[in-house]
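Listed next as structure tokens is one chain, alone, in the form predicted on its own.
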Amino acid sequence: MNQNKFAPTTVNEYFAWLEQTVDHDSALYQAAHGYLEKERCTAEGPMRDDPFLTVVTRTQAKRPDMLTETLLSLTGQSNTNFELLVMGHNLTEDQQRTVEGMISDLPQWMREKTRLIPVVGGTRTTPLNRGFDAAKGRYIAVLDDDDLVFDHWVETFYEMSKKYDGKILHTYTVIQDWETVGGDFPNTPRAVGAPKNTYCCDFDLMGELTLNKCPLCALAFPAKAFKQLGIRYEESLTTTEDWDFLMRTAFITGVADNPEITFLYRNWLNAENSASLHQREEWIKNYKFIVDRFSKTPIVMPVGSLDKVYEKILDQENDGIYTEGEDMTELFYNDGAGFSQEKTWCRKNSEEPSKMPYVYTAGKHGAKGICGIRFDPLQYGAFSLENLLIRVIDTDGESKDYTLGDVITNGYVLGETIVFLKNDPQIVLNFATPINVKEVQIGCKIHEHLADETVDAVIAALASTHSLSDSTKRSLLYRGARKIYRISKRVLRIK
């Protein structure tokens, strides 16, 4: 028997290292050797007749035009060694008939591969667990009912599995802005921008611990991880369930990369999506739950992971970005596709910390076509900021200064001061035309404890204003200030 023949997963590689390293008379060696013997037998076992890939597609039948396109992209696959499970979540009778009709319109060979499985109740994660339970494939992929895969999507996963069987298979993805239009066919989708290579990068375990850059449809998971290792989707999560499942599986199996672009992620500008359906507080709650789970999980790092960490540290030091003990506050930038967590510049040392304490570099060669920047001075509210000055230096070395009157903020402007009463404070500077940015310098003075007179001034201004719009009166800022004002009157007897 080939002593090295087993699935090249992270946990297998770790046990193989133990088998070669520890004393052969130790219990640890016996445990590692016994585990690997079973893995070697599994690797040499006969292949089943079941399909290579199970495709799980959740749908609520709210966007049939898009689901039709998704199914069409599957019928064009060069490798048809797959099955399709359509998970109908909380469908009405009419919606189920709609989905059944769409399946009946598929070619016969495709209909034979397709099963409609109704799911009632639960969260948006529940259909994933049901689909993974029912899957017959060696690998399982999730394809949303509004996304498109290219004709070599299944083929690429299949070829990767020959070398990396047992690992998560990861391919590259392009993202494109889309919107829905009316007319004779409501909610008809159309592209409104060129594809971008935002997700064309290898999986980075350390980076993924804080930010997910792997769209779910660009991944194929080994069914063994779900069915035998018990790694299931967390159904209490209403968002980011894909990130949680990806990382918990990656800790055990590892991830194999292929730079083939196999999938088009459609970023909807005016259609319903997870970002529009869930409040920011809900995203933060789920994020904290996942991060807490990660922090309590022992992690075996794949070979080469530390090399990537050291390379990043050296690159940052060479660019003058990283300094030990420095506040790594981020500056967000908008390159035409809006602000997002992955579009940030890190803070570097300031040559004038007393005047311009916040300095951000856009890399060695600058950044082109920047439409705006967003400065989040602190994570939480209940502070004030004054004497704001933003200096933007372009790639030609020309600089321009902006002050309070040039920005948009979710704080309350009081003279030359911005008062932030709620969490996630933001200051946004939009440019009239896109510019090429080399560096951004920000000068301001932050008071982390609000003075009584500042709070009184904000409360008085809001409470005495009779011309506030209904939307302002409903805002958290206004209602929060009114609550403080009422409590102040009752407790302190302010008249």
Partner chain sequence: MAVTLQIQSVIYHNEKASLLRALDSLSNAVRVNRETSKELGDVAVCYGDASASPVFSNEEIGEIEARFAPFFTFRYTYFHENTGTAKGHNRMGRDCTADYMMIMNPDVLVCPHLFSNMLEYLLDPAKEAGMIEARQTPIEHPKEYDRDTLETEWASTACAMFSTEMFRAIDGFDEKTFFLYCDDLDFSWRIRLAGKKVYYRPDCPVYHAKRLSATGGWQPTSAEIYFSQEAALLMAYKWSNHERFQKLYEQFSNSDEIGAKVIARFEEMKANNALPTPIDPEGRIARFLGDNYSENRFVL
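Positions refer to the first chain, counted from 1. This structure is a prediction, so every number in the text was calculated from the model and none was measured. Here the rigid core means the biggest group of C-alpha atoms that line up within 1.5 Å when the two forms are laid on top of each other.
There is another form of this protein, the form predicted in complex with its partner chain, and it is not shown here; the text below is about that form.
In short, of 87-95, 242-250, 73-81, 351-359 it is 73-81 that has heavy atoms within 4.5 Å of its partner chain in the predicted bound form. Checking K213, H152, R391, K422 against its partner chain in the predicted bound form, a heavy atom within 4.5 Å turns up for just one residue: H152. The listed set K227, K285, K136, R111 contains one residue whose heavy atoms approach its partner chain in the predicted bound form to within 4.5 Å, identified as R111. Its partner chain in the predicted bound form comes within 4.5 Å of no heavy atom belonging to E386. Remark: I408 does not count among the residues lining its partner chain in the predicted bound form, judged by a heavy atom distance of 4.5 Å or less. Contact annotation: P189 falls within 4.5 Å of its partner chain in the predicted bound form, judged by heavy atom distances. Interface membership of V181, defined by any non-hydrogen atom within 4.5 Å of its partner chain in the predicted bound form, is confirmed.
Residues P259, I261, L264, N270 are the members of 245-270 with a non-hydrogen atom no more than 4.5 angstroms from its partner chain in the predicted bound form. Taking the rigid core as fixed, one finds a CA shift for N436 of 2 Å or more between this form and the one not shown. With the core held fixed, the Cα of D394 is displaced between this form and the one not shown by 2 Å or more.
Comparing the forms between this form and the one not shown on their rigid core, the Cα displacement of H89 stays under 2 Å.
Between the C-alpha atoms of G193 and K343, a gap narrowed by no less than 3 Å is obtained in the predicted bound form, as opposed to the form on display. The distance between the CA atoms of T249 and T344 is at least 3 Å longer in the predicted bound form than in the form shown here.
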